[in-house]
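Two separate entries follow, structure 1 and structure 2, each one form of the same protein chain as structure tokens.
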Structure 1
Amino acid sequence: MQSSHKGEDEFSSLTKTCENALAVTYRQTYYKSFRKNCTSCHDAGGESGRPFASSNFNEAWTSFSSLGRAKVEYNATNSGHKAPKTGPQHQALIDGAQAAWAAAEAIVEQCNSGQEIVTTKKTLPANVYTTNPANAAAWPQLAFDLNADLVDPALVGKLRIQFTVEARRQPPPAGTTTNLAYEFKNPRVTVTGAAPLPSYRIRGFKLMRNGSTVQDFTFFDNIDAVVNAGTPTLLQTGGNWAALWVSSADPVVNTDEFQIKFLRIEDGSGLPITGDDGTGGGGGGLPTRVSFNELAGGNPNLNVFTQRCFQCHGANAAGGLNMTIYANSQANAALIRSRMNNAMNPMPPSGLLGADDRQLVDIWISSGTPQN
């Protein structure tokens, strides 16, 4: 990265920094090529209504991530879309970007780690498989009760959420009978139980098939929705579907098992719901208010600044920033949080700290950056 400050503006929202690695990868790989090959229809205001090749990178990234990588790759290599601009010639681009995407996915996974909530495994409803391979009509629901259907026993009973997503097999390519993809759409959430209903913020999810996370960046990663209703609420604008491609060596079968991996679910106060909160001591619950004097003090459960920053940001003021002075840290709070959550340009420079350490700084900011 040449300029961290410019980069942060372009990738906007401080709270979505886990995704920045993917945005950077898009910019460095497909985006350049799409700016040449797809711009005629996929620029801002273009006839496609999908501006993933917009000259405004933020707009391009939003469009790309809402379509999902799988679908864009499919159209890029499909001569039936808009040859000669699209077609097999783009396969080399996709193959060449594979390693970069895998690395970016790994960074995002590490950035989100400790906050994922994974459901137990379920097979799809039988009628997904019962009719002919085309099965174009059926969109039955895959359903999970997030109060119970969870891998981590410590999370059971913490989420009054009913989750459903519609699924079907994608019709096989012309002239074949093997299904090479599933399709998923319309994820919905219902908050359950007695009033007053709690509020949750759901920050993306991934699909898992037979125990493996599907690392093709489907558009569900990008969900950011607050839910608080006792009736089914769409987590994203309805209609459009995400494709889960499989290989012909490992095709669609009715024993396939699916899990949903939520990247992060927050409670009404903005704290992530995790398996180890609320237990008190040691690595356990986080306080609801944090002060600068705690971050900069002697309590090892709270003093992130003392332990992780002051060796460089004390009197020697790395980067011109002496964080031991309250006014300096206070004035730079947003920048501090941004750098602490920016996997591509992290602070400390050695890499992102654990989720709890980063969360303590978030709580300090949401407490109003108090000194005491």
Structure 2
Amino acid sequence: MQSSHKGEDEFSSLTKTCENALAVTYRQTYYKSFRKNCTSCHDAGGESGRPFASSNFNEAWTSFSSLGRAKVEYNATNSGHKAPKTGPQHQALIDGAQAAWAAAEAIVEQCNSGQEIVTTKKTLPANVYTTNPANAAAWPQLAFDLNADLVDPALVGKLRIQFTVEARRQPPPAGTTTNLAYEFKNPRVTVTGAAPLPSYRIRGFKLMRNGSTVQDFTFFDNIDAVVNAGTPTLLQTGGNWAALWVSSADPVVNTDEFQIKFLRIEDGSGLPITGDDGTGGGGGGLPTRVSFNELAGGNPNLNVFTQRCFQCHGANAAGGLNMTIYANSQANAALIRSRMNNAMNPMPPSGLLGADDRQLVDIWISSGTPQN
């Protein structure tokens, strides 16, 4: 597309790849119109604090994606929002862009194929309608234990994560009885179990409603957060509230079931946790619990430390680390796992160990680094 306004330089580095297919589509569909119609409120420094029409495209895209496409589309066609700038005159633009958005979503879906982690289904807790979004009674938590509440049995036991998101059914508009939307905010993660706590990197998630992925709800897709705390950690600060709009043909009902589809969760070494690649613990016929004495013992099926580490990290204590001493290995558990999974700087230096060896160490850490 030809440069037509300030901000093109910020866009020049974007290409239609897995990571930015959605951003490119925003630039090619709505952005120019929003720059024309919405800058009084939605430019950088505007009164709304939501600069999706900023001249800096990166800032505009970040704002748009944090709000969610469905919500922005709804307001763009709503004459009650900011007429005459908004209203049904924009419906043709919205309709004409749907094929492009579907194609971009397909690119992202293909890129994430094989790395998604999907929870089991849950219905929303009862909520109390209120116009005050700070009222906790209106926002009960939709909670998932990612150590157990997963569709893929090969992933069960691999993730010491409690995930919650506050959710409610939006009240019907005045004079009506039909719910138009669900609202979600404040996704949080808590790492569970005994110290040392593992680190995880959450690389976006989608909502699924009644078994189908909600493709136009882009609010949480761009999350990129590292979590390693035993207390609830917000995955996204700032704008962390969005709505899932529904049609009159598919209305809000109390029996609707929701799932969370994590696009990618990485372990502390940056490897994706999946059901079949050897990261995480508890799959592939390996034990669900491993102790230090087994890693350092004589059983050839379990003694990874004995076979792979003690030649250098025994009495010689290469790098100042004697791994034959339990306290040393426990204190350096996260570092040991990180180096064992770092293909660019592996330990041992000869190259990455086999998946089973690396997984046994991860199971030990996930088990709480027990000695016996």
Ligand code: HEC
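Predicted model, so just to flag it, every value in this text is computed and none were measured. Whichever C-alpha set is largest while still superposing within 1.5 Å between the two forms counts as the rigid core. By convention here, residues take numbers in order along the sequence of structure 1, the first being 1.
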TODO: Please let me know, 1 or 2, which structure is the form predicted on its own?
DONE: 2
Open item on the list: Given a core-based superposition, decide whether the C-alpha of residue 33 shifts by 2 Å or more between structure 1 and structure 2.
Closed with: no
Task: CA of residue 297, rigid core aligned, shift of 2 Å or more between structure 1 and structure 2 - done: yes
Task: Value in Å for the CA shift of residue 333 between structure 1 and structure 2, taken after the core is superposed - done: 30.3
